[in-house]
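For reference, the chain that follows is the form predicted on its own, supplied as structure tokens.
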Amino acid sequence: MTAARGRLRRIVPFGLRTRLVLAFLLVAAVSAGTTAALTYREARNAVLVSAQDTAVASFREQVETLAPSLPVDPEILREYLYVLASKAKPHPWIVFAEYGSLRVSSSTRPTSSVITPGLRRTALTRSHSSFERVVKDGVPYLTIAVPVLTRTGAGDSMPTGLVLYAVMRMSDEQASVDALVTAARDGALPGLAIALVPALLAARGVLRPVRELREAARSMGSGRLDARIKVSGRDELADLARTFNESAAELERSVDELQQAEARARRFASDVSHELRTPLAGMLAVTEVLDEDADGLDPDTARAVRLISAETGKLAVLVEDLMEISRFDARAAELNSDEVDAAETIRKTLLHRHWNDRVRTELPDGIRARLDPRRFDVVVANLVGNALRHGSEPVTVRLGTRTAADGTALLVTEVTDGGPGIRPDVLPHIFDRFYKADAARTRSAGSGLGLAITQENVRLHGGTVRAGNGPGGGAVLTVEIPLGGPIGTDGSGTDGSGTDAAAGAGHAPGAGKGATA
């Protein structure tokens, strides 16, 4: 199971580990991309500016040297252009001369289209050189324009109208720039792969305390309140682990105190019940003798004797119920199961309590179930007695079977009455101990434990009991118990409660539950 959970945890697509690694890689990618972009820009500018400055300075120097002797005659001018073209650096260039409509080139290749109209306008309106980088058909060019100046008698310079252009291919510089891009791209992927290692290590360092916290919380949820987390470091996760350990220790102390208090309460109820049984047995014997002689006493004394006898009987019932509850709380109650006829068991319950004439029955024969007859007798007696006491006749007991959603065959016992039903505010508390629907009936005939004992007995059988109201009114209490006994057990064994376990079998304890309105 643990390995399966581990595999499930590793394949979670958007788990904390995945988010941490992705965040780390994103930061690494952004950092690498920003660094590569800045480096590329600076390197590109350095490569291009170096070639550009060299070419512009060289061409301007050559033009200024030849300017005084430059003719306007096309053939002679072409010879000068050849001379300028031969001195090109850092790369070969083609030189053009333009004077009005005159166009002269040092090459027959039609590359003058690289010169943009904007550069021509700039060259004609300014007296200094200008340049422009142009990409034509995917090929980068550097175009340089230098106007030819002449000096006046006053020593000033003025344009002659003749402009020389140099067009230089920058393929080598573009290749260097492309190499930079390729190097940046090829270096980024291995860099991200390498960054994955510290990302995983960082995620592991963060998730280890989280996993330990989860395992400790799961252990505490399963009842191991002594689970603690190893605290290491002084960061926020260490503070979290320290806080968890302190909270777990405080919870363990609180639960231990509650368990001790609960154990003391159970022991107290059990001890008191055992201590009361002996004097109560003597009191019951005395009250029986007094009841027999009550008719010979004066009316006031007879009434007092009968009152004492009744209250002593109630106290005896309460003590037996408390002992039964204490056995359930101590988990000492066990089943002594046998395969019985369910309908016959219910008939015996009604017969022993003289309820045959007051209770209607729908008990089909032939339904056999694996039950503890004594405990099932208590369940039926409590439900019927509660209906007779706090509902209205007719009271009906129905027996049947049904199949649960998981395929389990269930024995269904239903007790209904003709009363007004159970109030909605009472239904959630119907099986609570000592709960009574009417607070004014604090001195009812029952102990207030009957339905609680019923629920515990049904649970011991592996079944459920629920309360509700019928469509036409009246309370409906339904018990469902597996026909074959509790799931996962064989239903056999001796009752660990000993002779005390028989308490309540001969009466309807808790009939004063006050469950109905």
Partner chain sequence: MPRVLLIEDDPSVREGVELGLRRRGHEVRTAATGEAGLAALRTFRPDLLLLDLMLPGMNGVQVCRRVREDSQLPIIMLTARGDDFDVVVGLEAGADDYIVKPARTEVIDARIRAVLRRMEVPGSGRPAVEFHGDLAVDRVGLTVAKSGERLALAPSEMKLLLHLTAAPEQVFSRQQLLEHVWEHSYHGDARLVDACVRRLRNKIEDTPGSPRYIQTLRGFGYRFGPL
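Source: prediction; values computed, not measured. Numbering follows the first chain given and starts at 1.
Not pictured, yet referred to below: the form predicted in complex with its partner chain.
Tell me, out of A265, V210, L284, A330, which residue has a non-hydrogen atom within 4.5 angstroms of its partner chain in the predicted bound form.
None of the other options qualify; the answer is L284.
In the predicted bound form, the one of P90, P394, G313, G400 near its partner chain [non-hydrogen atom within 4.5 angstroms]
It is G313 that has a heavy atom within 4.5 Å of the partner.
Would you point out which of 226-234, 250-258, 344-352, 415-423 contains residues with a non-hydrogen atom within 4.5 Å of its partner chain in the predicted bound form?
Of the stretches listed, the one contacting the partner is 344-352.
Indicate whether S337 is a 4.5 Å heavy atom neighbour of its partner chain in the predicted bound form.
Residue-level check for S337: yes, a contact with its partner chain.
Taking 4.5 angstroms as the cut-off for heavy atoms, does D300 touch its partner chain in the predicted bound form?
So D300 does not count as contacting its partner chain.
Given that its partner chain is not shown alongside this chain, does L280 nevertheless sit within 4.5 Å of it in the predicted bound form, heavy atom to heavy atom?
Although its partner chain is absent here, L280 would touch it in the predicted bound form, with heavy atoms inside 4.5 Å.
4.5 Å heavy atom contact, A217 to its partner chain in the predicted bound form:
Looking in the predicted bound form, residue contacts with its partner chain do not include A217, since no heavy atom lies within 4.5 Å.
Though the partner is not shown here, which residues of 286-309 have a heavy atom within 4.5 Å of its partner chain in the predicted bound form?
In sequence order, V286, T287, E288, V289, E292, D293 come within 4.5 Å of the partner.
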